[in-house]
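Only one chain is included here, represented as structure tokens and corresponding to the form predicted alone.
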């Protein structure tokens, strides 16, 4: 395993079972995946809906235990080390309102991960919230507002600030720009690139939007029916993809 790999999947897969006990059916949501995601690197994960992208992201975060294989964080098995990983693994989703309690002011929501982990005083929370809001391009005064008083792009920036406030080493971005206007999408993508360059976290960027992935990803992984078909540097993937399905995906956007 490369020394700078933050997250490593080793023959990791997920099988779900459904149906009554006398007639169980098994479905491989994720086949058998080997993947390293390094410090300062974004891996774009593309594929059609239902291909297993979100499940794979949940496996990387420890939210979905693998049915087989292993997940390593900084070279150590995930199981048995959850305590030391609190705050180090984060996710930003498609719908920021899912991460923001509508009854809480923005500042309280952004500081919540620190409060849960018992980090700092309330005064330190307020200071850190102001820093994070400004980092994502918002005025610190927005800490006093409620989520419904913000635009969709502002809410997504707040959700990013909330996820990054604990200085994580790995972040999953799951369809973070798909619900935003094109102009706002570009702003959020630039924001992700700039903050990653400053903080150096590893990232998995899940999207069906190949143009967005091309803009932020260093490498691209293509997923179909739970299997990774191809992993390639972004330049090579967009220049001459190796797998026929990859070429099919690109043809669909041209």
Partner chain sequence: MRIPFQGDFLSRLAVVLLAILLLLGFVGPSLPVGDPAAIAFGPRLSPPAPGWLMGTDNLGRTMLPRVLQGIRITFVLATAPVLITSVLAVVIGMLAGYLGGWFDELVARLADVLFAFPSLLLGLILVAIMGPGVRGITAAIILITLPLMVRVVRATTLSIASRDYVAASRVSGASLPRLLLVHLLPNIAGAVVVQATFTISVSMLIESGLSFLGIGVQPPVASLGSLVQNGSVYLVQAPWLALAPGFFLAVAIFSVNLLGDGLRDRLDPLEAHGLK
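Numbering follows the first chain given and starts at 1. These numbers were taken from a predicted model, which means no experiment stands behind them.
Just so it is clear, the following notes concern the form predicted in complex with its partner chain, a form of the same protein that is not shown.
*Asks:* Any of the heavy atoms of residue 86 lying within 4.5 Å of its partner chain in the predicted complex?
*Replies:* Residue 86: yes, in contact with its partner chain in the predicted complex.
*Asks:* Within 4.5 Å, heavy atoms only: does residue 112 come near its partner chain in the predicted complex?
*Replies:* Yes, residue 112 sits close enough to its partner chain in the predicted complex that at least one of its heavy atoms falls within 4.5 Å.
*Asks:* Can you work out whether residue 140 and its partner chain are in contact in the predicted complex, taking contact to mean some heavy atom pair no more than 4.5 Å apart?
*Replies:* Heavy-atom contact with its partner chain at 4.5 Å: absent for residue 140.
*Asks:* Can any non-hydrogen atom of residue 61 be found within 4.5 angstroms of its partner chain in the predicted complex?
*Replies:* Residue 61 belongs to the contact set for its partner chain.
*Asks:* Kindly confirm or deny that 35, 219 and 228 each have some heavy atom within 4.5 angstroms of its partner chain in the predicted complex.
*Replies:* Answer is no for this spot.
*Asks:* Mind listing which residues of 101-123 have a heavy atom within 4.5 Å of its partner chain in the predicted complex?
*Replies:* Read in sequence order, the residues that approach its partner chain (within 4.5 Å, in the predicted complex) are 101, 102, 103, 104, 112, 113, 115, 116.
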